[in-house]
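Only one chain comes next, encoded as C-alpha cells, the form predicted on its own.
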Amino acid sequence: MTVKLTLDEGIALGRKVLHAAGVSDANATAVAQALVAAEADGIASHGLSRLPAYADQARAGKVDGKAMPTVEQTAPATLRVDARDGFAFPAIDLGLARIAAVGANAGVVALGIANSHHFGVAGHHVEKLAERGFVALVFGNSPSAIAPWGGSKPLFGTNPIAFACPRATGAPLVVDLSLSKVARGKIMVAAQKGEAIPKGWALDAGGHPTTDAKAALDGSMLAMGDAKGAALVLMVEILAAALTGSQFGYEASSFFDAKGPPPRVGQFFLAIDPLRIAGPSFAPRVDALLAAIVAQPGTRLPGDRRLKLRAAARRGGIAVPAALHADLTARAGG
C-alpha cells in the first residue's frame, strides 16, 4: 500500500522530520527538496527512504544538521567547499552558485566538496549546471562497498559519476550511473522490503554470490564491467576523496545508520563553458547526435524515463510506501 503526496506535501513532511531531529530550517529545506526530487524522478532508493537514516544521524551528531558550509576560491578557476560534517545538499548548492559566477569569466571551473555526506542523485547536481549552460561532470565517493578486482574486502564505495550538457532544444542531457552493477540504495530498499535481489549484483561477507539483500549489505557490491569497472572505481576514489582532502571509502562510516563518526566523503565537479571551446555550434551539434540515436528503432536517450516520471509527479504527486509514510509522520510529530 502507498500514500499519495503532492511534491509540496512531501517536502513539507521531510522538513518536519528533519526539524524534529534538530536540523536547521535552511538545511532541512535543501535536503527535503533533494529527496522529493529523487522520488519524482522514480529514484526511490535516493528518495524519502533515506530520511529515517538522515534524521537518526542528525539526532546522534553523525551529521551536523546545523552546519553552515563555507566556500573558498583557491585560484582563478578552482573552488573548495567545506561541508563541515553537514549534509551534502546545502554544501553543493553553495558551490554550484559560485561555479556560475566564476565560470562566467574562467570558462572552466573545478570544485571540490570536502567533509561531506551522501549527495543523493548525482545527475540532479550536474543538471543544474547544464541548465546554466555548462557541460558538467561530478564524481563522488562513498563508504566501502566494492572490493578491488580479485580481492574480497570492500575498499571503495559504489562511487557514482554523472554528466550533463545543454541542448539547443529541450531539457539537458543527463547521464547518471553508479560504478557498481546496481546502486547500493536499491539493495537497501530490497532489504527493507524483505525482497531478494538478482544474482550478479553482490557477494556476501564470505565472497560468495548472493540474492539475499541483507547479506549483500554485509558483503560487497560487484563493479560494473568487472576489472575495467574496478579501475574506474579507483579513479573516482582518487578524484572525489584524495583530490578534495576527504576520506576514502574504507575510512568512511556508513550512510545507512547512526553509528560512528561523520563519513567525511567528498565530491568533485568539473564545469566547462562550451561557448569558450566550440562556440555556438555546440548545442545544435549535440542535438544532431541525439537525433541520430533516436532515429534507430528501439533506442532512447538517457533520462527519457526520468523526465516522463518527473512530469507525471508534478501533475499527480508521488506514491510513498504506507509503512514509510507512517514512520515519517510519527517522526514529524504526528
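No experiment lies behind these values; they were computed from the predicted model shown. Don't overthink the numbering: it's just position in the shown sequence, from 1.
The same protein also has a form predicted together with a further copy of the same chain, omitted here; what follows describes it.
You can rule out all but one of 91-99, 116-124, 193-201, 162-170: in the predicted complex, only 162-170 has residues with a heavy atom within 4.5 Å of a further copy of the same chain. Annotation: in the predicted complex, residues 54, 324 and 332 none come within 4.5 Å of a further copy of the same chain through any heavy atom. Remark: residue 70 does not count among the residues lining a further copy of the same chain in the predicted complex, judged by a heavy atom distance of 4.5 Å or less. At least one heavy atom of residue 107 is located within 4.5 Å of a further copy of the same chain in the predicted complex. In the predicted complex, no heavy atom of residue 60 sits within 4.5 Å of a further copy of the same chain. A residue is said to contact a partner when one of its heavy atoms sits within 4.5 Å of a partner heavy atom; residue 290 meets this definition for a further copy of the same chain in the predicted complex. A heavy atom within 4.5 Å of a further copy of the same chain in the predicted complex is found for one listed residue only; from 130, 215, 155, 258, this is 155. For the stretch 238-252, the set of residues having any non-hydrogen atom within 4.5 angstroms of a further copy of the same chain in the predicted complex comprises 238, 239, 242, 243, 244, 245, 246, 247, 248, 250, 251, in sequence order.
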